[in-house]
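The chain below stands alone and is given in structure tokens; this is the form predicted alone.
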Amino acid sequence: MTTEPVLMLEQEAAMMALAGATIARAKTLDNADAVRDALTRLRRGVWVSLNAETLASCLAVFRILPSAHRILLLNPISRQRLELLRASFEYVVGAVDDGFRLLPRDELIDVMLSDYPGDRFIGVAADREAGALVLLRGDLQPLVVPLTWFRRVEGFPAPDPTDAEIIDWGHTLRMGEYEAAADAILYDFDAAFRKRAKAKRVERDNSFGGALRRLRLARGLSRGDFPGISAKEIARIERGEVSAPHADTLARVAKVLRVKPEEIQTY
């Protein structure tokens, strides 16, 4: 589980709450003193701001040394303010036109406040001349992936980096009609993720979620084909994030799949 705090100003906290996102893991900063304290006391942190107006005022008055803090700006800012933030933050995302195509705001906040935000992506920027993608993880750490990693398979759509975006609540990279799972990318490029994934694979061997996914695909159904159950919830069950689905949920899923609830595990 991540130990880095998610820091935001009061306006951002209210906005997230209105969007339906939990803010239990987020710390609200009410004034300039709280902002200065967070920047100087905490070694690392992930910030979210509308336009960094309060932050800019603090940075202009107080001498804040460069830190490992990272910040996501939900609205573009001027070049001048960008340079001010870069003097104190390790990484600034969303300023001016940085080329990132981000998730919709509700999905983005969901990823950032999850237990493992770095295991999903919230944005992508393509550089065809350099032959690479920059994938932005939920903890605002960038990951560079060569376009050659995305192998073209005969008979299947080729990756189109000119039409790249993150979908499925941060779990999938889409390039045109081509899709790549975030798990597959991180497995190759992040040793820590690979270690956790191997441990999970052992724990989830013959899991209910794996059986549900196999049966759903065999029936030709998408995750959105279960009335009364969100696609996100089906995805969480399939990934093993729900250890014991509610009996009513099982009954609804089984009805769509045309099996008895107890038969799902046998697939």
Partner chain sequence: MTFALPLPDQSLARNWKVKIRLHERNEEPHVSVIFKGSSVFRFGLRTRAFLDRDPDPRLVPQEIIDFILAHLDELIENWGLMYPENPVSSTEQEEDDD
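What you are looking at is a predicted structure, and each value in this text was computed from that prediction instead of being measured. Residue numbers count along the first chain shown, from 1. We call the rigid core the largest set of C-alpha positions that still match within 1.5 Å between the two forms.
Here the subject shifts to the form predicted in complex with the partner chain, a form of this protein not shown in this document.
Colleague: Residue-level question: is Ile167 within 4.5 Å of the partner chain in the predicted bound form, judged on heavy atoms?
Modeller: It does: once the partner chain is placed as it appears in the predicted bound form, Ile167 has a heavy atom within 4.5 Å of it.
Colleague: Although the partner chain is absent from this view, report whether Gln141 comes within 4.5 Å of it in the predicted bound form, heavy atoms only.
Modeller: Close contact is absent here: in the predicted bound form, Gln141 is far from the partner chain, nothing within 4.5 Å, heavy atoms only.
Colleague: Look up in the predicted bound form whether Lys27 has a non-hydrogen atom within 4.5 angstroms of the partner chain, and give yes or no.
Modeller: Looking in the predicted bound form, residue contacts with the partner chain do not include Lys27, since no heavy atom lies within 4.5 Å.
Colleague: Taking the partner chain as it sits in the predicted bound form, is Phe150 in contact with it (heavy atom to heavy atom, 4.5 Å or less)?
Modeller: Flag for Phe150 set to yes.
Colleague: Would you check whether the partner chain, in the predicted bound form, lies within 4.5 angstroms of a non-hydrogen atom from each of Val6, Asp33 and Arg70?
Modeller: Checking in the predicted bound form: none of Val6, Asp33 and Arg70 is within 4.5 Å of the partner chain.
Colleague: Note which of Ala126, Ile77, Ala180, Leu84 lies within 4.5 Å of the partner chain in the predicted bound form, where distance is taken over heavy atoms; exactly one does.
Modeller: In short, Ala180.
Colleague: Go through Pro146, Pro104, Pro157, Gly99 and name the one with a heavy atom inside 4.5 Å of the partner chain in the predicted bound form.
Modeller: After the contact test, the surviving option is Pro157.
Colleague: Comparing between this form and the one not shown on the rigid core: C-alpha of Arg44 shifted by 2 Å or more?
Modeller: It does not reach a 2 Å shift.
Colleague: Can we say the CA of Asn31 moves by at least 2 Å between this form and the one not shown when the core is superposed?
Modeller: After core superposition, the displacement of the Asn31 C-alpha between this form and the one not shown stays below 2 Å, so no.
Colleague: Relative to what's shown here, the Cα pair Ile237 and Ala164 differs by 3 Å or more in the predicted bound form. Does it come closer or drift farther?
Modeller: The answer is farther, because the C-alphas of Ile237 and Ala164 separate from each other in the predicted bound form by 3 Å or more.
Colleague: Since the Cα separation of Glu177 and Arg214 moves by 3 Å or more in the predicted bound form, tell me which way: closer or farther than here.
Modeller: Relative to this form, farther apart in the predicted bound form.
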